[in-house]
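What follows is one chain in structure tokens, specifically the form predicted alone.
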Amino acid sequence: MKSEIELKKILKERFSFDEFKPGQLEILQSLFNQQDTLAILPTGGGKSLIYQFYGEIMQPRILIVSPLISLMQDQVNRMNYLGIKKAITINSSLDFSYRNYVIKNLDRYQYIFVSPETLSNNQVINRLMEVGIDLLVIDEAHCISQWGPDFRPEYLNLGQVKTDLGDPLTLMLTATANEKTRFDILNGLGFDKKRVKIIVNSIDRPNLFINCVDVHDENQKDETLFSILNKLNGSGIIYFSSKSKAEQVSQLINENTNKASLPYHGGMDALQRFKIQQQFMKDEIEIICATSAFGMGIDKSNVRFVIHYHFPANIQDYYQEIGRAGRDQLPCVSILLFNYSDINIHNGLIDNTYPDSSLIHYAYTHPNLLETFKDEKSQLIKFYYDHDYSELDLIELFKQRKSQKQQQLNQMLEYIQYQGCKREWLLNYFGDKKKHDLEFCCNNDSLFNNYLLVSDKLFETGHRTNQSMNWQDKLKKIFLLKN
């Protein structure tokens, strides 16, 4: 076992960092002790460096399970840039011949990135079993709890995958996991909580200013949005629950502000989304108007603001999304625009997400038709049918999930309407015990008065801000903006 001094020397020489970020060294030491580990680190906390560093020291073969193709390819590209050439991704974007070549020559690679869906392929699993996996990494591990029973049911297979691979040392990584989610992750993977090292670092983002703003209707929401955008510089993401609304508001931003914007959502083809993503990453456009399809795996350090035009369905999605601002540790803003009628959007989504009992009954009495139906609900039923769920069990499961979704929505509304410190509420939700200075935390007063109350103690700019400045000048000072 290398000393901390030796590990820091490798960190500097190999990865060009002077110090480990909070939690990284503790997680690495747990892995060096061959301890299965669940690690909760904040967005931008350096999760990928952990398995790369472990690979540098131990030279194992590492399988990394990740939910998005863009996230996997980004990691491979970064590793290649660092000189780590034995990294590959297996996903649906590979053409047939190259995919077969990669699988056949899998023993040549040290880092193998796959989606959970890829691990449903027997050819891939059998080949992984042949070459052997020393470390299994499950990135965005909260998906086991949050997405598993819904749109990414393949996450529920990871416990069996782990068994098939001989129960290798396992590292579970996420930026958001309260006590229930941690239980779901460990339970879904078949772990006994007592034999897993759980490392929780504070998820607080002291450089992030958090606020929720009440608006009476959509017109006031648009006016407030345009007012904010005309006074903030830098890159930003605006989140929507509607594809059409994302497109509409993006056009309005181009017409009513001095910003350049493009929409981004799952209804676009992959090439179009990739081009828009690259324009945003290269600062060719300032604002992305996006659904939740955008964000995970987008490692852009200089996002200065995240605005929610529609609020997310749960606290974990919300904290993931606002965590995409200020990854460079410089001051950034999160603003949620709340109109009470937006609740109807989520109630409708909850009602329409799950197959009703009549569809489930029809599918179970005509199982041969499940192979021909490609819609989301039919595929969801097929997954559970193939995993030997009875019709009654499946009806009850979806009933429970709808109830859980409604509970999560209620928690989101509780947060929005909370009149005290938003940061304190969020930290309590995630079980984060970090102490913070209430004097400089967020509150629910008027939007620009909040900005004026923000102190350099929260947004450290290296110098004191003149308290007599008007709020526009103070914003420029705090956010290091140019005239």
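Computed from a predicted model, the values in this text were never measured in an experiment. One rule holds for the numbers: they count along the sequence shown, beginning at 1.
Just so you know, the form predicted together with the DNA exists too; it's not on screen, but the next bit is about it.
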field: Partner contact for S92 in the predicted bound form: the DNA, 4.5 angstroms, heavy atom
entry: yes
Heavy atom of G132 within 4.5 Å of the DNA in the predicted bound form: no
- request: Report whether the minimum heavy atom distance between E376 and the DNA in the predicted bound form is within 4.5 Å.
  value: yes
Partner contact for S244 in the predicted bound form: the DNA, 4.5 angstroms, heavy atom: yes
query: For the chain shown here without its partner, which stretch in 249 to 257, 186 to 194, 92 to 100, 385 to 393 has non-hydrogen atoms within 4.5 angstroms of the DNA in the predicted bound form?
result: 92 to 100
query: Which residue among N339, S292, N233, N207 has a heavy atom within 4.5 angstroms of the DNA in the predicted bound form?
result: S292
Position in contact with the DNA when the complex is considered in the predicted bound form, options N105, Q278, N352, Q329, heavy atoms within 4.5 Å: N352
message: On the criterion of a non-hydrogen atom at 4.5 angstroms or closer, are K300, N302 and G431 all touching the DNA in the predicted bound form?
response: no
query: Using a 4.5 Å cut-off on heavy atoms, what residues in 115 to 137 are near the DNA in the predicted bound form?
result: S115, E117, T118, N121
